[in-house]
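Shown here is one chain on its own, the form predicted alone, set out as structure tokens.
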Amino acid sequence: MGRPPKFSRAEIVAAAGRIVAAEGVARLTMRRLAREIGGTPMALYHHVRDKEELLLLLLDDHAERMPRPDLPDDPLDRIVTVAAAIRDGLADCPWIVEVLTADDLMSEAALWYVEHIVAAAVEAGLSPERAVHAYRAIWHYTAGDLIVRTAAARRLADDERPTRREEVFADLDAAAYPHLARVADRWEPLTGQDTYRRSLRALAAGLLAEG
């Protein structure tokens, strides 16, 4: 009989979470994880098969800790509430959005959110197939919002110089772009406003109206 594994699965998952939060998913390898936890890659294989299984464990761990809000009776309100909970739950872990949009990975613990969005869409009159399409559109909007905001925050943290967009709007040709010129001096603060819930409601209402 060999020596028992030195680390618990919970310790391994916690260490992996620290790596992806600080360095990104691409830097998460069994060798890098072994250095983080103070062991060898072989010791880790007692608990996890490979990087994919490790990422699934991370997804499950985070999904199980995400809040599950009280659900309104109205289907549209319910969709907005659940989708906003997804966004709020992932806002501080942008690496999860990177994993979910780049790989064919799904946390079973996260299906609670998917189920309630699809169920609300069916209750509002969509077929099950159209309800899945509605969920997909809502997820794409939510993931896109998180990706854009994360990238913008990272850029501002790394570089305080004006962006190329700011330079373009500062010297906009009013004759060629009259509508943009009217808001050019306010473009940055306007596009920086958090209008997610309002836009989400409009998107969801339009999707449900198709039923």
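The model shown is predicted, which means the values in this text are computed figures rather than measured ones. Residue numbers run from 1 along the displayed sequence.
Keep in mind that the form predicted in complex with a further copy of the same chain is not shown, yet the notes after this line are about it.
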item	value
Single option in Ile37, Leu172, Ala43, Met66 placed near a further copy of the same chain in the model of the complex, where near means a heavy atom within 4.5 Å	Leu172
Heavy atom of each of Thr29, His47 and Leu90 within 4.5 Å of a further copy of the same chain in the model of the complex	no
Partner contact for Trp139 in the model of the complex: a further copy of the same chain, 4.5 angstroms, heavy atom	yes
Ala22: touches a further copy of the same chain in the model of the complex, heavy atom cutoff 4.5 angstroms	no
Close approach of Ser107 to a further copy of the same chain in the model of the complex, 4.5 Å, heavy atom	yes
Proximity of Asp185 to a further copy of the same chain in the model of the complex, heavy atoms at 4.5 Å	no
Partner contacts for 120-134, taking a further copy of the same chain in the model of the complex and a 4.5 Å heavy atom cut-off	Val122, Pro128, Glu129, Arg130, Val132, His133
